[in-house]
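A lone chain, given as structure tokens: the form predicted alone.
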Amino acid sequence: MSIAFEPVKLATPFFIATVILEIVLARAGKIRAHYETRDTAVSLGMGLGSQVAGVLTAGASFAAAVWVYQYRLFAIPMTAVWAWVALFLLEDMTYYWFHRISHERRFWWASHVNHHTSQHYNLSTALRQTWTGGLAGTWLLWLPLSFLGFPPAMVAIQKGLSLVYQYWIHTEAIRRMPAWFEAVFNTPSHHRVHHARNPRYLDRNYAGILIVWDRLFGTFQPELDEEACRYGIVRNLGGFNIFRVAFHEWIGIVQDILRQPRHTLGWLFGPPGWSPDGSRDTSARLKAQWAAANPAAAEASVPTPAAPQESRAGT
């Protein structure tokens, strides 16, 4: 079983062309977009490296899906419209939980953090992808779809379509979509919040295509006109070394474990920013500090998460 249709590869020329177009239009003063040459180069380099890393690990993950598919519960036809609708919803919810876990647990944050390291928000930021995601094993979350009976190639295609959709939301050129669209789908406005490091905005809007999962599971936060998004991570890297971008959090984990090996599980699977003595900031602490300093704004902030969240800090 092979994948004849690979959306991300087919869309790559479009990605490059629209990045160039956004730069040209921004320099002509036609749209809002901020580019920094070295930052953009890192994003493009991360995207290229991600493609190479994907070639090295995709075979193993796809083989695992094929193996699981042998024991499928149902025979779901790849040609049925209802099957694609069902897969769209199930895969999109899977992406939501993958994305949320990638922010809430340090081991998976280490492979995802590079996507958030740019202090700019433009189409090139979408290409700043992980080199270590396959090794982190998050692809395991999609195996239940093949166990249900969705052909692995079908799942791979839908994952690719989701990633292609998410490309266009990495922009400041589009302020708001129509209200009905903002209510249902992930948009540039929603995703700007996700990339923001403002305490109010930390760890919100994990959606892939449908923002309804964030609304359902209590992680939705609208972009507010009175509070502009500030991009990056809580402690920005302050440089453009692509290897530091790709591996800095993995290195930090190893250093912490070597220093205090008895806390290995905490260093690996605690929230980013976790420390045994509580001396580092987690996003839960940063949000609490912000709420204490801004009680009126905190009271009006929408919504409160369904469960306490501690992530996206200490990097």
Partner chain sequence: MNTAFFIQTAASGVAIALLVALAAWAKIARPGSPLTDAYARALFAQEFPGRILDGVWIAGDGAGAVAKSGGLALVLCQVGDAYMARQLPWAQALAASFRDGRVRIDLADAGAPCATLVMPAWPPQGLEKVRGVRAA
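Positions refer to the first chain, counted from 1. Everything numeric here is computed off the predicted structure, so don't read it as measured data.
Form predicted in complex with its partner chain: not shown, discussed below.
J.: According to a 4.5 angstroms non-hydrogen atom cut-off, is F269 in contact with its partner chain in the model of the complex?
T.: Judged by the heavy-atom cut-off of 4.5 Å, F269 is well away from its partner chain in the model of the complex.
J.: Residue-level contact is defined here as any heavy atom of the residue lying within 4.5 Å of its partner chain in the model of the complex; does T40 satisfy this criterion?
T.: Because a heavy atom of T40 falls inside 4.5 Å of its partner chain in the model of the complex, the answer is yes.
J.: Since only the chain is shown here, I'm wondering whether Q70 would be in contact with its partner chain in the model of the complex (any heavy atom pair within 4.5 Å).
T.: Flag for Q70 set to no.
J.: Heavy atoms within 4.5 Å of its partner chain in the model of the complex: does F240 have any?
T.: Answer yes; at least one heavy atom of F240 falls within 4.5 Å of its partner chain in the model of the complex.
J.: Would A26, Q119 and R197 all count as contacting its partner chain in the model of the complex, using a 4.5 Å heavy atom cut-off?
T.: Yes, because A26, Q119 and R197 each have a heavy atom that approaches its partner chain to within 4.5 Å in the model of the complex.
J.: Quick one: of Y231, F107, W142, Y96, which gets a non-hydrogen atom within 4.5 angstroms of its partner chain in the model of the complex?
T.: Contact with its partner chain in the model of the complex is made by Y231 alone.
J.: Just one of 107-115, 200-208, 74-82, 232-240 has heavy atoms within 4.5 Å of its partner chain in the model of the complex; which?
T.: So the stretch in question is 232-240.
J.: From first to last in sequence, which residues of 254-273 have any non-hydrogen atom within 4.5 angstroms of its partner chain in the model of the complex?
T.: Heavy-atom contacts within 4.5 Å come from Q255 alone.
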